[in-house]
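This document starts with one chain, in the form predicted on its own, laid out as structure tokens.
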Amino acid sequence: MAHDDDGGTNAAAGSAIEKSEPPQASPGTAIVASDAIANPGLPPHRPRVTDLDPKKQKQAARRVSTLFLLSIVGSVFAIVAYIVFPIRPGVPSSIRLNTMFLGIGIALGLVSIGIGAIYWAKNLMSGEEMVESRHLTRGTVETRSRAVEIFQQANEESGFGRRTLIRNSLIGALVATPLPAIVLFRDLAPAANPVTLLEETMWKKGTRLTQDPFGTPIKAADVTLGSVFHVIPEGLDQVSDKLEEKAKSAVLLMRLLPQDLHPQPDRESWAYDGIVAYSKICTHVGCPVALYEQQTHHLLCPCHQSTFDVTNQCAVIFGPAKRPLPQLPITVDSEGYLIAQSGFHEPVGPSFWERS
């Protein structure tokens, strides 16, 4: 070591001088500060009026029951309104009345049961705050026993078991709430046998084929080779339920070379000089079959791509449809106009209606 003028010693050249420094914490190390804010805990419980006054408690219970009973009234009112104010075809005001009163009833039923449940929880159920630490859930006997205790405790705190008025009115409201939906869904089903309804169309023996939508009669000479006509029965404009009848009676009319058709023996007379007529209603789900491929003689349904072969009695060659399009037997009258020999020999529309 070298001595300086003051009698001290200097560190040898090149030697390292160790200094005492505070340890540096790793960036990934969590440090708990000693001055962290202490957990204040839950605020003291403040009793509600219903906790202190039994009379107020009974009043609150009656209010909850009244709301649940009002919910029952609303649900029943919706059913009655749906029946008393039916929707009548051609009467727009009936739609407004039906919608308004039905909506009022359903809203009253749902809103009342919701407000009643909230009022019950806020005023009658246990209002003390508590914290429960998370723990692993195991399906042991102790766990199941504890679950039973929790349900029993919840029953005691809510008063569900001993407040019979609230309990019974709540059960009644829950039972009554879905009743309007049941009534509405029931009305989605056909009012009459759908097979019979779809078997009966406007097509009868001697009914002229007319162009859609003008109702102009069609002569056989007007139907050129490769053409297609959208057809409705004569007199469709004179019926009261025009749209319903058109939905069942719409027909596609096409002309092919007679040698291109391959009818069954019992259907050889159903066409006239290569002119054939088939139902326009797809046998899958009832969409309108409106696309005709002139070169291939295929009819295509644009909804789900069911494809029918006109040369082979509109048999299904592709898609989800399960049966051919019903054929309308046709001929001509004394004036050369195309007419129906009879109605369809099978129900039109989706195959579902045959499953009766």
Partner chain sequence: MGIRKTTRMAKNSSPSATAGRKANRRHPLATVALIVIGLVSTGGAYALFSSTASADTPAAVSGAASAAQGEKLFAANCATCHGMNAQGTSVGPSLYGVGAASVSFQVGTGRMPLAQQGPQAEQKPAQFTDAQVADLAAWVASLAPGPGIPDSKYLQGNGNSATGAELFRVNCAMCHNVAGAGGALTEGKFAPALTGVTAAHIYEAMVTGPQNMPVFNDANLTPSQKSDIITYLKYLDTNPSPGGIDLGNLGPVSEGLFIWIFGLGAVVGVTIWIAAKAN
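Since the model is a prediction, treat every value here as computed from it, not as a measurement. We call the rigid core whatever largest set of C-alpha positions still superposes within 1.5 Å between the two forms. Residue numbers count along the first chain shown, from 1.
Just so it is clear, the following notes concern the form predicted together with its partner chain, a form of the same protein that is not shown.
- Contact annotation: its partner chain lies within 4.5 Å of heavy atoms from the stretch 118 to 126 in the predicted bound form, the single such stretch among 169 to 177, 118 to 126, 155 to 163, 200 to 208.
- Not displayed here, its partner chain is approached by residue 229 to within 4.5 Å at the level of heavy atoms in the predicted bound form.
- Put simply, residue 290 is close to its partner chain in the predicted bound form: some heavy atom of it is within 4.5 Å.
- Among heavy atoms of residue 92, some come within 4.5 Å of its partner chain in the predicted bound form.
- Looking at residue 307, you'd find a heavy atom of it within 4.5 angstroms of its partner chain in the predicted bound form.
- Screening 186, 146, 88, 96 for any heavy atom within 4.5 Å of its partner chain in the predicted bound form leaves a single hit, 96.
- In the core-superposed comparison between the shown form and the other one, the C-alpha atom of residue 114 has shifted by at least 2 angstroms.
- Put the two forms on the same core and the Cα of residue 67 is off by 2 Å or more between the shown form and the other one.
- Superposed on the core, the two forms barely differ at residue 309: its CA moves less than 2 Å between the shown form and the other one.
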